[in-house]
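Just one chain is shown here, as structure tokens, and it is the form predicted alone.
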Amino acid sequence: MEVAKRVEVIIKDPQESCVVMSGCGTSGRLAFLISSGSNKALSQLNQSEVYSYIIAGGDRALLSSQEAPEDDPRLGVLSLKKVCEGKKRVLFIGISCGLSAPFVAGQLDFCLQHPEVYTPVLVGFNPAHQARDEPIQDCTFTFHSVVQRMQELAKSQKAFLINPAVGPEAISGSSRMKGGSATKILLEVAFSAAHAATSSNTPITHNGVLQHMMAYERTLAVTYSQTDGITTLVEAAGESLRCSRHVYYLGWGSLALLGLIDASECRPTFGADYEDVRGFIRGGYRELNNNDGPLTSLGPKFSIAHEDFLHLILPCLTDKDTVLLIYTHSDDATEVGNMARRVREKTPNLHAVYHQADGDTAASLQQDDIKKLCLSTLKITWPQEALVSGTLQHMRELSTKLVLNAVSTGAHVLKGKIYQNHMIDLQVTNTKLYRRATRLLQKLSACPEEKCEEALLKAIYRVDMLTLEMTSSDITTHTCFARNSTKVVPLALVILLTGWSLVEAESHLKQQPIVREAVAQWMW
């Protein structure tokens, strides 16, 4: 409620004021999504746009893994200064699901040093005492010490900490799922309450905030009533990945952004190739409307328009690939149908996620032709009260996020990227992931930390004998080297569980890339 009130003040007096959201990876991508949607909502209310976003690694991180900048608090501060130049009142919202990202810690510390301009808000999903307390290079503070200072200032409402403990993720460490969804819910509830109060000139109330929250609860019920349809999509995508083929999301509007986000997260999360799961959006960068504009000059992985799909992907499409259309009743059915026919000429493995409003018979008739072209259609029908409440777009977005997270995660589970409910093939490309990899190896092998870190370094440097230079280097050096290494954690785990040499472990993983099966063969 209190954060919503601060947002309302800025909306009513936008001169030299702004709301800035910042995060790394998933958190930064959601900052972008929420900023974009919230500015559109303000425009519809004839209000000035006040929302901005920051993502560690810049706009290229919206579509690809940029893990290293997460460790750089100075880079976070520079990004914040740039966005807020000339502003006299800033509500800064730092998002760090595990209360751990140095990039965000640096920004929060800067805000605390300049209270005359900045009001800091921290959004995360661990208890405050579990904030990371490891030293940050070249800094006198830790994330934990920043949180302690914010807790003290929260007593006088000069800072805010919003950190419901949502519990462990379904797949350990994958904060893109539960943490990402909770981020979207919390911030959109606060912003929607502020928008409604501004529009109706009524105060923000506890009950009003609760009503916005309840809309998301209804979203879960509507979405998870479709478990059979979701299962079909997971199995289709999983079969494609098992065959070393691909999954493609073709979307319209903000739902396409969820497709882009979900696809971009697969590479760092599962050690996937960027081509394994890809998203495309109607209108490309014109629709994306990101800070840096078109990024196509950075390479083919940044080609995101439907035209790019038709030009680069469609000619090579096979019946082993899975294509998923993502659209709503308000999108151009003729256009969706034309795309469906183009894909259907190349593969029968075409599916759809379609959102419609209850009682919209005209849209249902148009949908019938598209449905005939698809192997399966996940039709999600929203009640009329969602249209009246004005929360329909947020509900459709969260629903789509839940479905796509299930599809990409389930597909990678079926491919063997998960071992005992842990993402085993994560990329070790920053301090957070290096620490996570070490803890993961300890848990799965029951070996001492020192032995686990030794196996991890062997896998990173691809050697059986570590040199003094390797063992004495800092984590940043290790993670820089690891960017060019593949299957680092699986390789280290196999070495620990079997006692094989590096060459032997590599050979077995090459023959059997699914870790649990490679280990099972050894045990047998």
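For clarity, every value in this text was computed on a predicted model and none was experimentally measured. Numbers follow the displayed sequence, beginning with 1.
Unshown form predicted in complex with 6-O-phosphono-beta-D-fructofuranose (F6P); subsequent notes refer to it.
A.B. asks: Want to guess which of 470-478, 65-73, 49-57, 495-503 is within 4.5 Å of 6-O-phosphono-beta-D-fructofuranose (F6P) in the predicted bound form, heavy atoms only?
C.D. replies: Of the options given, it is 65-73.
A.B. asks: Out of A194, A411, V146, C97, which one falls within 4.5 Å of 6-O-phosphono-beta-D-fructofuranose (F6P) in the predicted bound form, going by heavy atoms?
C.D. replies: None of the others qualify; the residue that does is C97.
A.B. asks: Contact with 6-O-phosphono-beta-D-fructofuranose (F6P) in the predicted bound form for V515, defined as at least one heavy atom pair within 4.5 Å: yes or no?
C.D. replies: Although 6-O-phosphono-beta-D-fructofuranose (F6P) is absent here, V515 would stay clear of it in the predicted bound form, with no heavy atoms inside 4.5 Å.
A.B. asks: Taking heavy atoms only, is T400 within 4.5 angstroms of 6-O-phosphono-beta-D-fructofuranose (F6P) in the predicted bound form?
C.D. replies: T400 lies outside the contact set for 6-O-phosphono-beta-D-fructofuranose (F6P).
A.B. asks: Given that the partner is absent here, does L433 sit within 4.5 Å of 6-O-phosphono-beta-D-fructofuranose (F6P) in the predicted bound form, heavy atoms only?
C.D. replies: Contact with 6-O-phosphono-beta-D-fructofuranose (F6P), yes.
A.B. asks: Consider C24 of the chain shown here, and say whether it contacts 6-O-phosphono-beta-D-fructofuranose (F6P) in the predicted bound form, taking contact as heavy atoms within 4.5 Å.
C.D. replies: Flag for C24 set to yes.
A.B. asks: Look at the candidate spot formed by A101, S175 and E265 and say whether 6-O-phosphono-beta-D-fructofuranose (F6P) comes within 4.5 Å of a heavy atom in all three of them in the predicted bound form.
C.D. replies: Judged in the predicted bound form, A101, S175 and E265 all sit within 4.5 Å of 6-O-phosphono-beta-D-fructofuranose (F6P).
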